[in-house]
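Given next are two forms of a protein chain, the same chain in both, each as structure tokens and marked structure 1 or structure 2.
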Structure 1
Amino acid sequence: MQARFAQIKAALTEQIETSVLKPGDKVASENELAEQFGVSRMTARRALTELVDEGILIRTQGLGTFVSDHRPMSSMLTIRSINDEIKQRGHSYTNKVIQQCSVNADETQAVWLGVEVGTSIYHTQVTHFENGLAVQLESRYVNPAFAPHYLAQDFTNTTANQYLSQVAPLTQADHIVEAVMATEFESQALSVEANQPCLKVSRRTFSAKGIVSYAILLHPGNRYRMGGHLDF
């Protein structure tokens, strides 16, 4: 039998998916939900808190809890594999591997990875889908010194993030977020119109021994968001 808090989550999710509750609408309070479902306030609070954590609802202190923007949201404060993010939302994850090969680092790529120009490095391009809709085009360059078997991996069954976290555990990262216009290739890979505004995340990750990878993560602006919560 489904737990009571899960029943509340399912009921609220159904109302959102059927547009009974729309982005920006205020949802019932903990007390109202507790009375409506015949549960404790703690149970109602757990249901709301989990929906907030999943990005479906957003809580505003002093005002209440509201339906979030419909676009999926990725955290700016943590680095997680995109398939984990999508599955946590209860959605279906699939991908398409576009490229998986070795290239000789040009001047820009050499700076990204801290290697000499002309060094053989690994390159992958993968489109990630949420419920069949493209939400991210990942173009990643990897230093073979820290992941020598990278190109041998089946990236239809795992992600680069998951694999690199195992062989070269992340110790630090830096990233830049900016708005860009999609190129023709990027538009085709993401199945969006030409010159679609996109959210571009450029991320460099480090292990204890050095720079492991540099990834360019491109999201259609009308399908994805980034955010986070800070406590002070």
Structure 2
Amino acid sequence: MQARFAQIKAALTEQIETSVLKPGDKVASENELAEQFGVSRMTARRALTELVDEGILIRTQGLGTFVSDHRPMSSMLTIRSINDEIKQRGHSYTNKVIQQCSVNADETQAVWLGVEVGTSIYHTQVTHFENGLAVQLESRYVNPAFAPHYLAQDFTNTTANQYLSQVAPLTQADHIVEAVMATEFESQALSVEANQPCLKVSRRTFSAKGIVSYAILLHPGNRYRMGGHLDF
């Protein structure tokens, strides 16, 4: 059973996803929501507060609560699952699993995963779509020692990231960010024209006992940006 404040959040995010509520629109006031959902104002307020914290709504005292205008952007300082990120922007998330198999590690993969060359490792390749547009081609290699049931998962409903963080909690990550030209295969998988610049993030994720996975995340340059904020 879902909590009532969570139901209200879900109702609101659904309205935002389906564009019933658009950026800039005013959402019902706390009192109105409380009445509509038959809850106390504190409960309605909690739903709004969490959505404000998530950046989906913006509140102004005396004025009301409004749908925030979200530019697609992800933070470099946190590792969020791509589907959460997209949903948080109020957009629809879909994906397409291209490959899900085990392979024998070649030299590059072995080095990155910290295993012997020839070790059987898991490989998945998934395209992630935001509002129907491909925004990420994820090519991931996983050390079976940390996630023996990885290949049995259904990655249309969950992401590799989400699954792995459950079975092997993240303790560290490192990454390299660069700009590259998409190969022909990549252009096709992302439905972009050839010779398009792409943002490539190569990331290793660690759990307490070692390197869990190594992922190459490729994003069309014109559809994806990474953002960040630093305080000193």
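Here the structure is a predicted model, which means the values were calculated and not measured. Residue 1 is the first residue of structure 1, and the numbers go on in sequence order from there. Just so we're on the same page, rigid core means the largest C-alpha set that superposes within 1.5 Å between forms.
S.K.: For this pair of chain forms, which number matches the form predicted on its own?
M.R.: Structure 1, not 2.
S.K.: Is the shift of A215 between structures 1 and 2 large enough to count as movement, that is, does its C-alpha move by 2 Å or more after the core is superposed?
M.R.: Stays below the 2 Å threshold, so no.
S.K.: Once the core is superposed between structures 1 and 2, does A182 show a C-alpha displacement of at least 2 Å?
M.R.: It does not reach a 2 Å shift.
S.K.: Core-aligned, what does the C-alpha of T18 shift between structures 1 and 2, expressed in angstrom?
M.R.: Core-aligned C-alpha shift comes out at 15.2 Å.
S.K.: Once both forms are fitted on the core, what is the Cα shift for E54 between structures 1 and 2 in Å?
M.R.: For E54, the C-alpha ends up 6.8 Å from its position in the other form.
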